[in-house]
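First, one chain by itself in structure tokens, the form predicted alone.
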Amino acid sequence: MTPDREGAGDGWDADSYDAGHTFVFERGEAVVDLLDPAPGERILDVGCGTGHLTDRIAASGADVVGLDASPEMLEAARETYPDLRFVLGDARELPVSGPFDAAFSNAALHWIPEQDAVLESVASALRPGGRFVAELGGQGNVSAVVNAVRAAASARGYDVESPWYFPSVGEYATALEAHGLEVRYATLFDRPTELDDGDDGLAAWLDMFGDDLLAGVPDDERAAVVAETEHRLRDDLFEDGTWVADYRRLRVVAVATPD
């Protein structure tokens, strides 16, 4: 499932995403299991990307709508799953009408700093008792990668800042409850994640997901910064020919309470 890159400078390369970053939606299947969709339920998939998990939800017999901010991703989703409904839109201001029995999101919400707007939008779309099931990057996610990029860029006189929102359990639970979403389950866990593409895995990951992280580095310097980042991380994150990113995930289940 693709991140919903609200405000990102570049569009997504859907072909490269599906070919080289399958771990995103493959690991997301456990979140679908947590959602436990039922036949006839109306479900919104927020940040659906190329639609693989949307299809998995639909296989349960649920009536699912996939939402994403990337036209490139939705074009690929519609081509692969022509019988499903996909909508272009902003998670902070949903363009689809509720009520939904559930809202689902995997690996998307950490791209949107304005979580209050997202959660208000999601809560408004749910029926009373409807559930919100999501996984996003949690506190400390890819911190080794971010710190290595920052150090490599700083050595060349450039500043970089993490573009992502990686909350703690307490921070996110407080935000959920502030928007009428009663927390039923929340966990933060380490999930070391093998990257595709062997020795090129970290560079490919930064090429796909790190454009905003590297925004402060001129284009003609990025290759050098990425190479230095690889050098700094190789001893810790390169194992048996594969890069293993230091992922930490936050997984939540919340229920919409009546007004």
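Numbering starts at 1 and runs along the sequence shown. These numbers were taken from a predicted model, which means no experiment stands behind them.
Keep in mind the form predicted in complex with a small molecule is missing from the figure; the text below concerns it.
- Interface membership of Asn141, defined by any non-hydrogen atom within 4.5 Å of the small molecule in the model of the complex, is confirmed.
- Ala107 belongs to the set of residues with a heavy atom inside 4.5 Å of the small molecule in the model of the complex.
- For Trp243, no non-hydrogen atom is located within 4.5 Å of the small molecule in the model of the complex, even though that partner is not displayed.
- Contact annotation: Gly137 falls within 4.5 Å of the small molecule in the model of the complex, judged by heavy atom distances.
- Listed stretches are 161-169, 117-125, 147-155, 76-84; the contact stretch with the small molecule in the model of the complex is 161-169, by a heavy atom cutoff of 4.5 Å.
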